[in-house]
Every structure is written in structure tokens, then in C-alpha cells.
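Shown next as C-alpha cells: one chain only, the form predicted on its own.
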């Protein structure tokens, strides 16, 4: 039971890192970016190419995946996304879904449709026993990295001048610009940062979740579940939601494999009935 709990926490942490960028763009920027998984896939393929073709260390691949995904996000934000900030949510959904299918087709063309595998460093492979509990080394590494990122993200958004400018730009764009805030720059950096986090999550999740061209579609619903259950006004809500959903998903697939995949959806329905606006969201329209 403790081993399942540990694996569920690791899975939940990974879901949070994959989804927290969507929390930023959807909750703070009010932009429905369903192509978020495409940036995660980009980070995963950067890791695969660097490790399998060039023999670069896994530890160097993680910051590279973040930077490459952030640069792709910055480029797309400046050329495409910025024109849709004031568009309807339907337009945003249709546009981002189009980006998803274009990313899938391009990845399949250049990288092939097969499952991609990576070889973790020896120190991150296998399991170790701690008081009789089997703990995967890579899952422990994932928990540590994701916990640090969660704390850092919360501090950046709530305690820094940039976080204050971002919230002001979202609440009232015209007033923020009148106060001297460079709103386009703030939005561009925020979108790039969210895309970079997705890429980092994709790099870390390549070994646990698997990686193929359909990655953005397979895990899109998981990103949306984490954000909808956790709420979009804070980082703490999606963090707790990801942990609960990760544990429920792993435990459900282990104890009731016949209906395991449905456990996470049942939990989502119950939680949204109890807290329609998310775990820590303020009530709103």
C-alpha cells in the first residue's frame, strides 16, 4: 500500500508539472491553450534526440527541454497566440486544437510513429527499500524536482513584482498599460515560462508516461482535469488536485484493474460536485 501511495504521489507530481503551465495560461492569462501538451511533447523529443543520438547526459537534457519549449512557446506567442487574447473562447479552442494536430503530423513525419524510449542514468534506475517500502529512484527524483518547482512557482506568482504585474495585466489591461506595465512583454514571458514547464514535464515524463506523436491528445484530458478540479486562481489547488488524482489513478489501476481507468473520472465528478469552482478557487460566474 505504501509503495502504491509513493508511486501515486510521484505520478501526481508529474501531472502537476505537466499541467501547471496550463494553470498559468488559463487561470492567469484567461487563454484556453489546448495545445499545451504539444509543448510537453516537444520537451520529451528534445530529451530523446539529445540522449539517444548525441549521448548527452539526462541531467543536461532537462534544462535544454525547458529552454527549447520556452523558445517555441515565445515564438508562437509573438506570431500567433497574441492575436487571439481578445478572441472568444471557442476561437481559442479551435485554434489550439489545430496546433495540436499540426504538431502530431509534424512529429510523426520527422520522428516516426513508434514509442520513444530513453535510458536513465544508473543512479536513477531501479528501486530501493526504505523500511520495507519499495521506492523507485527515478520517482523519488521526480518528487523532489516537482516539489521544488511548485514552491518556486508559488513564490514567483505571489511574492515578486513580475507576479504582481501579471495579475494587474490580466485584471485590467488598459489600466496596467497606463501604469507603465509592458503588457505584451509580460504575456510573452508568462506564456514562454508555461511552455517551458510543459517541456520540462514532458522530458521527465518520457520514461514514466511514454512518448509518441499522439502524446498531446492522450494526456490533454488529464491536464484539463487537474486544472478544473484544482481551480485556476492559485497554484496550490492544481498541486493538491494532481496529487489526489495521481494517487487515485495508480491505486484504482492496481486494486480494481477492470475499472481502473474510470476511477480518476469518478473522483473528478465528485470533487466538482462538492467544489464546482475548484478546490481553492474563489466563487465566480
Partner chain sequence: MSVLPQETTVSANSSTAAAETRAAKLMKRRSRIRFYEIIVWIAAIAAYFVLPSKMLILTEIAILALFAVSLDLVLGFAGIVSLGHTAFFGLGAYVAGLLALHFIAEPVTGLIVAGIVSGLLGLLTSFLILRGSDLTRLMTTLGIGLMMAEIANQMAWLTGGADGLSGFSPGPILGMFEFDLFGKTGYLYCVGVLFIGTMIMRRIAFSPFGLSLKAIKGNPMRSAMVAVPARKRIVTAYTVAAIFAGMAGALLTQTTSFVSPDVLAFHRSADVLLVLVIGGTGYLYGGIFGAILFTLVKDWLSVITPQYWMFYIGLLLVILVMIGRERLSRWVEYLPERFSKKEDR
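Numbering follows the first chain given and starts at 1. Everything numeric here is computed off the predicted structure, so don't read it as measured data.
As for the form predicted together with its partner chain, it is not shown, yet the points below apply to it.
- 34 is the sole member of 50, 34, 62, 240 with a non-hydrogen atom lying within 4.5 angstroms of its partner chain in the predicted bound form.
- With the partner omitted from this view, the residue of 177, 93, 140, 71 that lies near its partner chain in the predicted bound form is 93 [heavy atom within 4.5 Å].
- Looking at 241-249, 36-44, 63-71, 255-263, the stretch with residues near its partner chain in the predicted bound form, meaning non-hydrogen atoms within 4.5 angstroms, turns out to be 255-263.
- Using a 4.5 Å cut-off to its partner chain in the predicted bound form, each of 98, 109 and 273 places a heavy atom inside that distance.
- In the predicted bound form, its partner chain sits within 4.5 Å of a heavy atom of residue 105.
- Not displayed here, its partner chain is approached by residue 268 to within 4.5 Å at the level of heavy atoms in the predicted bound form.
- Interface residue remark: residue 88 is counted as part of the site for its partner chain in the predicted bound form, having a heavy atom within 4.5 Å.
- Using a 4.5 angstroms limit between non-hydrogen atoms, residue 228 touches its partner chain in the predicted bound form.
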